[in-house]
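Take a look at this single chain in structure tokens; it is the form predicted alone.
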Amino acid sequence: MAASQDNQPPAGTASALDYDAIIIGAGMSGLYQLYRLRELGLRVRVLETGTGVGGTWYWNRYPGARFDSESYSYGYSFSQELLDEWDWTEHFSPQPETLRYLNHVADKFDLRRDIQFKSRVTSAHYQEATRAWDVTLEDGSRYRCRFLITAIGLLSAPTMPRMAGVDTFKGQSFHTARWPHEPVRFEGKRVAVIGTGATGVQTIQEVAKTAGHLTIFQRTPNWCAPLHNGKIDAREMAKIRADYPDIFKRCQETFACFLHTPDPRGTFEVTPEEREAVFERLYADRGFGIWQGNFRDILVDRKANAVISDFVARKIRQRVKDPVVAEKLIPKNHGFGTRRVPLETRYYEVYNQPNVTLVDINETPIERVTPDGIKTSDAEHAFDIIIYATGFDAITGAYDRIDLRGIDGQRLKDAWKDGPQTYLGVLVEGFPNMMMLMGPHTALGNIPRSIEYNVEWVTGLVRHARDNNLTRLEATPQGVASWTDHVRALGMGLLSNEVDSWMTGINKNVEGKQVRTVARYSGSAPAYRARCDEAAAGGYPELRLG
């Protein structure tokens, strides 16, 4: 329970607080931040909406959910003992294994005792008089803390489609990010999947194996590439374990913390035959190589992008037997790699199955969900199960769903109405003592590698506050303007910033999210870390400390 309001020590003293720090979220970033703040001797509480740890890997239990980064590049690197004892069974870990891993981490480091489950944060208001945050939960409980740390994730606010009748459907229905904990069976069932983004692709290729009939409703096709997953036996795991120092060193050096790094050559600096051979090799390799390890100019040069897009389009046409269906699966409004590339396992072959139908809702829009299924402009489809693979209100959406208020009651949602403005993606002017893990404008890429750095930097700032008796940390207007301008400048010339996607703040299912914003940092992870390290080494000159 929160401390009583009666008989409190003077405002602003540490003992007037319930906790030194509250962390919102018990996913990968929240767990690691708890571990590090405990080392500082702070009183810390993690508030988690779910009934268990895991964040993304707790909520997303849909069929086929798995890493698209290599497992051994994805796990935590901070504990040698953890690296020594955990065996990955696949190159790209499936969700159940990843959830077991994060539960193992929570148990190994005894993290649960400082985590409060079934605790949804509805509001957090900064109190200038006490230099503290007043945090309120859905059940009315209230807590006060000096530091508020958000570990709420980039893709954690699921969005349902804006269509009539969703609540009238009589069968089973669920969003991929709110999948039931109990098994869902598809044998003999008429199943609909709405959406062909990354989660849609993973779901479709699994559901199609057993569904009586699967109907896929697609608005925007995505460029997908083969995952080429495989099992890891004991001998290979021993080799991976011995290679961990080099694996994590490589992740530190590459542009986006993946094991892949761009080819230093330009697309047209080689012969057409050499170029085709490179594309074929990358298409046959595991993971993101064809996206992150391709020629250096495919994401900035239109002609280069057209060449790789044509190559992948040819692959789709080869794999899908019906040429009309194949053309519908080839994106026409964006080039390869300008949106995050879903990785797949025989996804395109699904469309060759007699139990699978593709509906292009650009041609025949969905008019409404009915009690028995889905009505489009030209037909009524009956279903037993509807799966909404309709994505997330990305990057800022999870912040919008909490009533976050800073100095003088300013709402964060209002402060960001024209797009997020941050200092290093971690702090916001007017919101003292609030620090964001993996917030807007931080380096993304291979997320856990970025998480570990982000947590370490925030921990260093909190340590600096503790060692210097500081109770107020706030980004200055100059610091925010400088960083936000830098982030915007980095996005210039990138083909991806000309495309509607969650990475540019677009979500057609969310009111007010139809205008592109620069919501992510487009530079390299090494450059991001260098800028943050410089700020810390200089005593945080772009922060107002007190």
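Just so you know, these numbers come straight off a predicted model, no measurement behind them. Numbers follow the displayed sequence, beginning with 1.
The discussion below concerns the form predicted together with a small molecule, not included here.
Chemist: Considering the small molecule in the predicted complex, find the one stretch among 46-54, 488-496, 517-525, 33-41 with heavy atoms no farther than 4.5 Å from it.
Modeler: Selected stretch: 46-54.
Chemist: Is residue 483 close to the small molecule in the predicted complex, meaning a heavy atom pair under 4.5 Å apart or at it?
Modeler: Residue 483: no, not in contact with the small molecule in the predicted complex.
Chemist: Using a 4.5 Å heavy atom cut-off, state whether residue 463 contacts the small molecule in the predicted complex.
Modeler: Judged by the heavy-atom cut-off of 4.5 Å, residue 463 is well away from the small molecule in the predicted complex.
Chemist: Could you confirm whether residue 337 comes within 4.5 Å of the small molecule in the predicted complex, counting heavy atoms only?
Modeler: Judged by the heavy-atom cut-off of 4.5 Å, residue 337 is well away from the small molecule in the predicted complex.
Chemist: With heavy atoms only and a cut-off of 4.5 Å, decide whether residue 446 touches the small molecule in the predicted complex.
Modeler: It does: once the small molecule is placed as it appears in the predicted complex, residue 446 has a heavy atom within 4.5 Å of it.
Chemist: I need to confirm a contact call. Of 305, 215, 156, 292, which residue comes within 4.5 Å of the small molecule in the predicted complex, counting heavy atoms only?
Modeler: Only one listed residue qualifies here, and that residue is 156.
Chemist: Please identify the residue among 86, 392, 453, 423 with any heavy atom within 4.5 Å of the small molecule in the predicted complex.
Modeler: Going through each option in turn, the one that passes is 392.
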